[in-house]
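Coming up is one lone chain in structure tokens, specifically the form predicted on its own.
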């Protein structure tokens, strides 16, 4: 018996949660339910997070959270509970199955059956942004080895449990060689531990085009946060069944399962909402906790119900559908099909009856880290990089030389092109002359010298080698 936390949410939430719980309990789910209140009522009581401290305690104690959609009131500084939950509980993996239900739900891709596994905590979504000059703002893209290892291992373990044959990695490491390069490197390392599962890597742009055109070429796709956010929505849309999709958010300690759609308050209380999205989230929950026999039974019954043409209003189509039903009636139809399998849609068969094997991240031994240079970013309103170079040379300290100036990553000194458009944001790279070393003290001396000649330094980035390997990007054109 697994104790889970349930939140019935707002709008259509209570109706679809009641239907979902009725179905999985009838199927034999071994769960004990502890209900909490989250969402609109909590927000309007004056709690801007939408959840009480006591509810957090229950979620953290039970570890498994099945959540219906909630309504976040507009204005008033209310925070998204979904984002808060993912961040606070360390839910590093967002899992989005996207499967065609042709011919019962219209799609151009009748054979599509992919799962998007998206890193959920870092990348550009760390949200670290700064305006640095009048013309330039930055957003830091943070990719960590623990983040990469956890999400890639989850993708392979999920594929193993679900009896899937291939895991594909999408990155843009031909351009972002350090950040996306690390993600690709970790993918290759972990793939070797799963020789029974095929693996491949695609550059994100051509991979996305291929997915949109020929999604049947893919099985499980794992990628960093931004790409996964975009492509999971693209994948859900091209299946034709956004309203039927569930989502899992997985952490080392806790996990949250939900539908991807909203609370639809205008449809509330009318017994017309489709519970399928939340039911799909519940099926993912059952798989996650090792009750894959129940998950398989529910999924096949749901597919059989769709195949029988018993549809709620949102997918009802004359000529294809046979009976338009409400929320409660749809749940009863799924329950009546428990133990049955579809004949047109492909039935599911899960590989085993065990929970996913997700070991905690183990920190690697520290590499030998050596300071080999520094990039100093400067706000300079003139447009001639040669003038800037002459100015910067006046701040040099003993044993340090100016090796390069870039503007928006493009090398503009030495030997830059006059055609290159420059903003007011410049990166000046300093390296030790041959036979010398650089130190933090010398970097501070450079900054003091810049202050003395009125050079507006924005920030510094130290350049390192790790175990003798350069760990920073070259300028474009170097």
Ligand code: NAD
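Numbering follows the first chain given and starts at 1. Definition used throughout: the rigid core is the maximal C-alpha set that superposes within 1.5 Å between two forms. Model, not experiment: these values are computed from the prediction.
From this point on, the text means the form predicted together with this ligand, which you will not see here.
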Item checked: this ligand contact in the predicted bound form: residue 119, any heavy atom under 4.5 Å -> no
Checklist line | residue 264: touches this ligand in the predicted bound form, heavy atom cutoff 4.5 angstroms | finding: yes
Next item on the list: Classify residue 39 as contacting or not contacting this ligand in the predicted bound form by the rule of any non-hydrogen atom within 4.5 angstroms, answering yes or no.
Entry: no
Check: With the partner left out of view, is residue 23 within 4.5 angstroms of this ligand in the predicted bound form by any non-hydrogen atom?
Finding: no
Margin query: Within 4.5 Å of this ligand in the predicted bound form - does that hold for a heavy atom of every one of 143, 182 and 202?
Written below: no
Next item on the list: Let me know the one among 71, 407, 299, 93 whose heavy atoms come within 4.5 Å of this ligand in the predicted bound form, would you?
Entry: 71
Item checked: Heavy atom within 4.5 Å of this ligand in the predicted bound form - residue from 85, 171, 274, 292 -> 274
Margin query: So if I measure heavy atom distances to this ligand in the predicted bound form, which of the stretches 255 to 263, 383 to 391, 299 to 307, 185 to 193 falls within 4.5 Å?
Written below: 255 to 263
Notebook entry, point to check: Out of 176 to 201, which residues reach within 4.5 Å of this ligand in the predicted bound form, heavy atoms considered?
Noted result: none
Margin query: Core superposed first: is there a CA shift of 2 Å or greater at residue 70 between the shown form and the other one?
Written below: yes
Next item on the list: Return yes or no for residue 94: a CA shift of at least 2 Å between the shown form and the other one, with the rigid core superposed?
Entry: no
Notebook entry, point to check: Hey, does residue 325 budge by 2 Å or more at the Cα between the shown form and the other one once the core is superposed?
Noted result: yes
